[in-house]
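Shown here is one chain on its own, the form predicted on its own, set out as structure tokens.
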């Protein structure tokens, strides 16, 4: 996926539009407002990071975008079409890897392809190619219990590559990993997904790690505490690869932290 200038991206029709989305729950004695009137768009070749205080509904917002949860107000459009349930263009990687422990790596990746009307051999070849792309070739018959945390997350990424969605959603994808593994996987992940060869055209990542967002994202959508509202949409104008020790990196990090607090 090649990087576009902001002016070029601005004139493109958005792949994803989140329009005045709200979410609330009717409790026994009161109404709990979780998300309030959140709107943003995402164009091709954009990586959006969403940050907010703990418990502010970041994961709920991601599930709404994926079609797994219905909002109580507003709507989500993918390529101009309002979605009410999961669609082929969108795939979500979960924080806890979501692997079935009794199935091996190949079988776990193949699970994601069962919804596709494809011949069995075609599904198998797509799964094997995705496994190779995430550097797990040779581990096709390994079970989740035999894999490290980083390898499990690679299986999750392989599922996404096999399905070839246009929009990838990630819910705290590196938070379950040790810092060293997370650091290596972030660099490898960006190079893998944000490339000309990747079918993925845009990424939305929820994270509590501000440095992670500044390292990976083109924009940081900062949300308030519950009920979540958009505080600011911060464009991160840093060249790649990004130097985490540079003054500019620290300035973006401090700016986002200040918005959160």
Partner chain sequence: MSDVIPGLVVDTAYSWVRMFVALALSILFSWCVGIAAGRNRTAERLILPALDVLQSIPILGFFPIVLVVFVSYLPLSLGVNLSVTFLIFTSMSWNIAFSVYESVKSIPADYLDLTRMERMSLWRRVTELYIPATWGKVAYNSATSWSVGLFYLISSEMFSLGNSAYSVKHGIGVDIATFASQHRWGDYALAIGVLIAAVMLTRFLFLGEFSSWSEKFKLGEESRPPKKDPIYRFYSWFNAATRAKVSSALPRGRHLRIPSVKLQKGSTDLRRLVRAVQVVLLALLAAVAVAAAFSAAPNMNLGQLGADEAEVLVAMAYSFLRVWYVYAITAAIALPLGICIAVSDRALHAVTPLLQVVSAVPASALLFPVALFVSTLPFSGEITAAIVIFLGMVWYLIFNVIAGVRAIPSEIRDTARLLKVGRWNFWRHVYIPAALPSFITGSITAVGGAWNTLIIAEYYVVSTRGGGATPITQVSLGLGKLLDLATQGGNITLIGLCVLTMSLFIVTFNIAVWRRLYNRTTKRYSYGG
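Rigid core here is just the name for the largest C-alpha set that superposes within 1.5 Å across the two forms. A quick note: this is a predicted structure, and the numbers were derived from the prediction, not measured. Numbering follows the first chain given and starts at 1.
A second form of this protein, the form predicted together with the partner chain, is not displayed here; the remarks below concern that form.
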| property | result |
| --- | --- |
| One stretch from 73-81, 131-139, 181-189, 93-101 that, in the model of the complex, holds residues within 4.5 Å of the partner chain by heavy atom | 93-101 |
| Three-residue site 68, 115 and 143 fully in contact with the partner chain in the model of the complex at 4.5 Å by heavy atom | yes |
| Residue among 157, 151, 167, 163 with a heavy atom within 4.5 Å of the partner chain in the model of the complex | 163 |
| Distance check, residue 88 to the partner chain in the model of the complex, heavy atom within 4.5 Å | yes |
| In the model of the complex, residue 63 touching the partner chain (heavy atom, 4.5 Å) | yes |
| Per-residue C-alpha change between this form and the one not shown, residue 120, threshold 2 Å, rigid core fit | yes |
